[in-house]
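Only one chain is included here, represented as structure tokens and corresponding to the form predicted on its own.
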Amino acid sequence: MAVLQVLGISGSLRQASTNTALLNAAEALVRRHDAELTRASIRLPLYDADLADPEALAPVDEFKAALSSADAVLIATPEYNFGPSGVLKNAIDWASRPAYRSVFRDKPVAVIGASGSAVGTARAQGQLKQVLLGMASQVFPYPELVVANAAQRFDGQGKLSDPEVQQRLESFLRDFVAWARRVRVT
């Protein structure tokens, strides 16, 4: 069985992001399931269909190429004002073009998230899944993996230290990898 190539996207640009830390934990755990997680940067210009400067569009082209070559995608989203971050939505807007031929089309995608709030990222995940379905992605039909009160779940160095969350993450990843192998369109 070939190693499943999973592209990880953190919806936060912050250096000490708990969502990036959650992807770090996922990167280590996903290897147990014949998968490999690599990362894509979402430091992209603001979406503008009139933007034609090749230098400005180079990060967009790299992002779309990484999405295109991945077998599956794992997005770790923060929740800002009951929704996903603006930088994550901007990256998805870039990847959604050209319309009806997005690199997200038919791509297996799972969404997870960590937040300092007591409800975690459930609302942001719901909105993100709706956007992904609108681009004809294959959205992982699994209960959300929500890490609430994230500061208590990670140590001072950004390592996932909560054994219950680690166990839920590993179960989520095992099921996501198995599902992605079944549904992906080649």
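For every residue, the number given is its place in the sequence shown, counted from 1. Because the structure is a prediction, the values reported are computed rather than measured.
The same protein also has a form predicted in complex with another copy of the chain, omitted here; what follows describes it.
- Remark: all three candidate residues (Gly86, Asp93 and Met135) come within 4.5 Å of another copy of the chain in the predicted complex, counting heavy atoms only.
- Judged by heavy atoms within 4.5 Å of another copy of the chain in the predicted complex, the contact stretch among the candidates 53 to 61, 153 to 161, 28 to 36, 123 to 131 is 123 to 131.
- When contacts are judged by a 4.5 Å heavy atom cut-off, Leu46 counts as touching another copy of the chain in the predicted complex.
- Another copy of the chain is not shown here, and in the predicted complex it never comes within 4.5 Å of any heavy atom of Gln167.
- Contact check for Arg105: no non-hydrogen atom falls within 4.5 Å of another copy of the chain in the predicted complex.
- In the predicted complex, at least one heavy atom of Leu13 sits within 4.5 Å of another copy of the chain.
- This chain appears without its partner; in the predicted complex, the one residue of Val139, Leu145, Ile42, Leu67 with a heavy atom within 4.5 Å of another copy of the chain is Ile42.
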